[in-house]
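One chain comes next, on its own, written as structure tokens: the form predicted on its own.
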Amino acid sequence: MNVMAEVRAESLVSRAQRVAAVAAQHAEAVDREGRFPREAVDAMIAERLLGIQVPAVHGGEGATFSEIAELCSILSQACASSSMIFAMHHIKLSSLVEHGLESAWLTAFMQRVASEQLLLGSATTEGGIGGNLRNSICAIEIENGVCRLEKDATVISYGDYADAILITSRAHKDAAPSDQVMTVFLKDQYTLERTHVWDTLGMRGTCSDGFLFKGEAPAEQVFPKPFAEIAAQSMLAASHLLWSGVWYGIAADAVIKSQNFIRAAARKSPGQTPPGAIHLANIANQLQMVKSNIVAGLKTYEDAKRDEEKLSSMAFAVAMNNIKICSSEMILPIINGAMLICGIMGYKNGTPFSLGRNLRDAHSAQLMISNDRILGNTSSMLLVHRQDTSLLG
């Protein structure tokens, strides 16, 4: 990393840490009330973190996925809901950055995201298909340069609070369910009628209610590239990697709390090793495994971005799927281990060692996208794809 890159990375981390300090002040209230973390998102806007992925030539900072994942981790150690909103925004922004330059409107909109710090929401799920984002029932209608869409979106990420929503649909009324496009609709181009309330176990502040979406916009706001290519080449990798950054931060926070608990116990009994110390060593080891998994995945993605064929390969898809499975399944044992270390002080709310929110937020990891669905997709690919056993990638 050159000197200028180090300065930028330090700047990004410092800015994220200031946002995390704000998020931490309101995290308990956000979780308890199930409300949008307005203060944290406003801090992201003030620190101009919503446009960092946009290339510098278009008004952003050209931040890499590794840098963005690090910021996700920093934010989730303070408030996982705030971090997930940040991650989801950048997952949607990755579609613009990687696939929007073919369109003058999408390029101009990407520039607006950077200059105006617009928050991007996501609507890929739909009533009748569950969480299978690679199928749609609704179809976009395009006539006389105008596109219209109505979608029963069972979940729209922070839908009430987004400045624009990137939404999937069939390409036309006669298209197959998997023949999809993605369209950008600005806030004044759609209406939302709430159909489901986001009252959940964890990630409560993401406020991802269900809505009946009705939108009308110029047809140039439809991505020219099929959604199948967008999903394979950027969106799924972005989701698995940035979500993993969020989950790593949740687990890291639990390990830090348990470490502080052990240190406090050691100060009370000098010369004696606290009984939970060996468990701390174990979960620290598990956390390092999660970190190594994510770092390897980020490197794989950054390398693959230079080769479109590699981005669309089964090997790449299997690798990204494995990153997500590993990250999402390993964080719960880590947090459970931290709970055993902290005991009743971790079980109780309102202590410096409380782990209830960490545990509840972490349970979302195996459900976004369902691990069973991902394992099913991976198993199908492994029927024809030769397993890579090289340590060199």
Partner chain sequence: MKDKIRDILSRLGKLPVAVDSLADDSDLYTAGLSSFASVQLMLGLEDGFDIEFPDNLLNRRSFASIDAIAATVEQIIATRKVA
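Positions refer to the first chain, counted from 1. In this text, all values refer to a predicted model and were calculated from it rather than measured experimentally.
In what follows, reference is made to the form predicted in complex with its partner chain, a form of this protein that is not presented.
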Legend entry - The unique member of 195, 178, 115, 282 whose heavy atoms fall within 4.5 Å of its partner chain in the model of the complex: 178
Inset, instruction - Identify which of 229, 141, 303, 160 has a heavy atom within 4.5 Å of its partner chain in the model of the complex; exactly one of them does. - result: 229
Inset, instruction - Determine whether any heavy atom of residue 313 comes within 4.5 Å of a heavy atom of its partner chain in the model of the complex, and answer yes or no. - result: yes
Legend entry - is_contact(residue 170, its partner chain) in the model of the complex, heavy atom dist at most 4.5 Å: no
Inset, instruction - Examine residue 188 and determine whether its closest non-hydrogen atom to its partner chain in the model of the complex is within 4.5 angstroms. - result: no
Legend entry - Contact of residue 385 with its partner chain in the model of the complex (heavy atom, 4.5 Å): yes
Legend entry - Heavy atom contact within 4.5 Å of its partner chain in the model of the complex, the stretch among 178-186, 85-93, 141-149, 161-169: 178-186
Legend entry - Within 4.5 Å of its partner chain in the model of the complex: residues from 105-127 (heavy atom criterion): none
